[in-house]
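First, one chain by itself in structure tokens, the form predicted alone.
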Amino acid sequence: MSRPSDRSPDELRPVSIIRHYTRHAEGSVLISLGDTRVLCTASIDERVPPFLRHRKKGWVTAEYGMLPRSTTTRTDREAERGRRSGRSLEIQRLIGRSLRAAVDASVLGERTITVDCDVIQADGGTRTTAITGAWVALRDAVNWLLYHDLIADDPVHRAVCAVSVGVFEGQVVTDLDYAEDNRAETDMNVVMDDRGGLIEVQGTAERNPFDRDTLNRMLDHAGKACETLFASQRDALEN
């Protein structure tokens, strides 16, 4: 089996994480995974949603969108349609859940960190790439709070990243690009922490059902890929 990109089955596309990519946000990252590029900006707001008022804890949430020409043809902005698509809502909820798994909200105080994930170029794996970049933007926003003595302790207790895996032409593969995702027999998104814990697993058999052995092999591929992504996050933060 030969992948369209000529990568080995367990090989990620090249990863790039550029911090402080925009001027005004407390945390901002441009993350690239191959030809998929996502701008993640973390903003701090000194208030919480109504359901958290007076509970002495904060909130971490996310929004996700694709720019009109991030794909091969132009799509209308969702604001022009008057509502977000079901896909965008589902993905931004996934990103929010993934980030909240990394944070002790009681340490944040009554403030909200919102991470906006804007896809500027899509070639598969946009939601998983967004999660990996969003965590670095979140980390920088929390560092900003610590630097300005707005919180006493660090609420971020683990790193989080995500990767797509799947079955393509009968072979378990890592990090599906669009050419593979469009033809995959199985597609799975895996969110993990840096202790090896699973935060969320979204797997779908597009054609034939997959068995338990295939599931385990996909999770093994995801675990190996996440080790590389965590190293990329650490390198970006150290530099």
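When you see a residue number, it is the position in the sequence shown, counting from 1. All values derive from a computational prediction rather than experimental measurement.
Just so you know, the form predicted in complex with a further copy of the same chain exists too; it's not on screen, but the next bit is about it.
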Exactly one of Leu176, Leu33, Val60, Ala42 comes within 4.5 Å of a further copy of the same chain in the model of the complex through a heavy atom, and that residue is Ala42
Report whether all of Glu11, His54 and Asp140 sit within 4.5 Å of a further copy of the same chain in the model of the complex, measuring from non-hydrogen atoms. no
Q. Would Asp193 show up as a contact with a further copy of the same chain in the model of the complex if we use heavy atoms at 4.5 Å?
A. yes
Item to complete: Report whether the minimum heavy atom distance between Asp211 and a further copy of the same chain in the model of the complex is within 4.5 Å.
Response: yes
Partner proximity in the model of the complex: Tyr21 to a further copy of the same chain, non-hydrogen atom cutoff 4.5 Å: yes
query = Is Arg111 one of the residues lying within 4.5 Å of a further copy of the same chain in the model of the complex, judged by heavy atom distances?
reply = no
Assert contact_stretch over 165-173, 82-90, 130-138, 145-153 against a further copy of the same chain in the model of the complex, heavy atom within 4.5 Å, equals 82-90
Within 142-179, the residues having any heavy atom within 4.5 Å of a further copy of the same chain in the model of the complex are Arg158
